[in-house]
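The chain that follows stands alone, in the form predicted alone, written as C-alpha cells.
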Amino acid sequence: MPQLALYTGPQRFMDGAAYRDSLRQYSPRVFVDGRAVESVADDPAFVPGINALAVSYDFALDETRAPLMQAEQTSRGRSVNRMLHINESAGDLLNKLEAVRLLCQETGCAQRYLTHDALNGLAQVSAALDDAKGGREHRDRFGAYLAHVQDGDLAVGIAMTDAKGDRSRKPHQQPHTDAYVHIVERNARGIVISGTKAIVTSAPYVHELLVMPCRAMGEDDADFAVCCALPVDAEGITMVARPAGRPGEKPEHGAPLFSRRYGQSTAVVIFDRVFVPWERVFFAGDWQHSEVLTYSYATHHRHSCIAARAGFGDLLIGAGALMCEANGFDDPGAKANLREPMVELIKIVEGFYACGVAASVYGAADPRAGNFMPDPVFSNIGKLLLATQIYDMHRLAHEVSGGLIVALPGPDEDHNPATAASLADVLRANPAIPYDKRAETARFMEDLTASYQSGWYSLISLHGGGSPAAMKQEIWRHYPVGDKVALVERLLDRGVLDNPDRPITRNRQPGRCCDAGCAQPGQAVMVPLPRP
C-alpha cells in the first residue's frame, strides 16, 4: 500500500496508458457484482470507466487539444492538467467549461472534473479558515496537497454524499452513527474516521479519495464536519461498486458501441476506523466552515455539470441528425416535423450551456482565496435547466429517430443466414445508407436514450450536484429580488422598500444579495485593456 505521505517526485503528465499502469500500484479493497476485485486496472467491469478517465490524460498531451486541456498555474509557475487547475480568471472558467464539454462529447461523462471542482472549493474554505483563526496553516496544508495532486497528475474521487440514514434527522441524531462519516478519535499524529459515503463517482479507479461533508453542520454535528484526503487503498476502506457502463458484452452479439467503451462506476465507500495523518486533514470539527466548503464545491460542480451535459447533448444532436438521414431524410431541415424537434433539442442544449458561459463571464475572485468562482445564480439556473430538461432531450431524440431504435431485431439476426438478407432489404430506408449502418445508428441512439445506461444519464443529470430543490434554494438565496422590487417602486414613486419590517425579501441592499455581492445590470463587466 502506498504511504500516506505526499508526492514529492518530479512533475509529470501521464498519458492514458500511464494512468492505467499507475492504478496497478494500488490495491484497494473493492467488490463488484458480489465478488472481490484482484486488480482494478485489469477487471472488465471497470474498463469503460478507466477508458473515460484516460481521455482526460490523453487529451492533455494531444498537440491540438493541449492549449485547452492544460492550464498555467501561475501561483506555482507550471502547466497542469485543466482538471487539476485552480481558476485564476473568468477566462479559466470559460476554458474549463469548454474542456469539460469536449471531454464529455467523447466519453459521455468525463468524471475527472469533480476533482477540479473540489480542489477549487477546498482552496476557498482553507483561506476562510485561516482568516477566521489567523495564520497560514490551512492555506499551506492545502498548497502542499495541491502540489501533490498536480505534480503527480493524480485522479481524485470525491467522497461527499453520505449514506444519510433517516433524512429527517441530523447526523448526530442518526440511530446508526456510521450513516455519516465522522471522527472517532484524535491524537498527536492525526484523526481516525468511520462512516459511509454512498455515491462516490469513479471510486475504484482513482488514486485518492477526498472526503468532504455533504451538508452544513451544526455545533452538535462537529465530529461530522471533516475534510481529508486518503489513498484509495488506505487500511480500513472498503468499496462496493457498480460496473462502469455496459462492459464485457461482445461486439458480435450487439454490445452497445458507446457504453461498452465508456461508462462510469459509482461505489458505496465504507470507512472503518481509517487513520488520516494531520498533513492530509483540511478541517476537523470546524462545523462553522462546512457550509463554506459545500457551497463553494456545489457552485463549481454545477457549473461543470452544465458543460458535461452539453457534451452529452452534442451526442444526441449528432445521432438524431444521422438517424434522420438513415431514415431517408437527407435534410432534416426540409421537414417541419423533423426540423422543429431538432431545433428544440439544440435550443435546450445551447440554452443551458449559455448559462454556463454567463456564469463564467460574471464569475468573481474569492476575496480570501483569490481563485475565481462562477456566478452562483447562472450556475444554478443552468444546472436546473439541464436537470429538468434531460428527459425532454431524450424525448426529442426519440421523436426524430422513430420507433425502430427499440423495435429493431436483435443484432444476432444480422448474422442469421435465414433472415439477414431479408432484413437488409426491407429495413433499408435511404438507398445511400446500407442497412447495417442504419442499424448501427439506431442502436447507438438506443444506448444513449432507451437503455439502462440512458436511465443512468437521466438520473445523474437530475440529482448529480444536488437535487432541483437545492438549486432552486440557491437561486432564490442569491438572486437580488429586492433590486427588482426597488426598480418597480421607484417607477411607481412609492419608495417604501427601506422599511426594515417589510417581509418581502431579504435582498434589499442593491448589489449585496450575498457577502460578495452580484454584478448589477448596467455595469461594465468585460473591462477594456489599456492601450499600449
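For clarity, every value in this text was computed on a predicted model and none was experimentally measured. For every residue, the number given is its place in the sequence shown, counted from 1.
There is also a form predicted together with a small molecule; it is not shown, and the following applies to it.
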Listed residue (Met445, Val181, Ala159, Val100) with a non-hydrogen atom within 4.5 angstroms of the small molecule in the predicted bound form
Ala159
Of the residues Arg186, Arg273, Lys347, Lys164, which one places a heavy atom within 4.5 Å of the small molecule in the predicted bound form?
Lys164
is_contact(Gly464, the small molecule) in the predicted bound form, heavy atom dist at most 4.5 Å:
yes
Just checking whether Ile199 would be counted as a contact of the small molecule in the predicted bound form - the rule being heavy atoms within 4.5 angstroms.
yes
At 4.5 Å between heavy atoms, is Thr266 in contact with the small molecule in the predicted bound form?
yes
Please check if Ala469 has a heavy atom lying within 4.5 Å of any heavy atom of the small molecule in the predicted bound form.
yes
Okay, which stretch from 356 to 364, 322 to 330, 387 to 395, 455 to 463 lines the small molecule in the predicted bound form, with non-hydrogen atoms inside 4.5 Å?
455 to 463
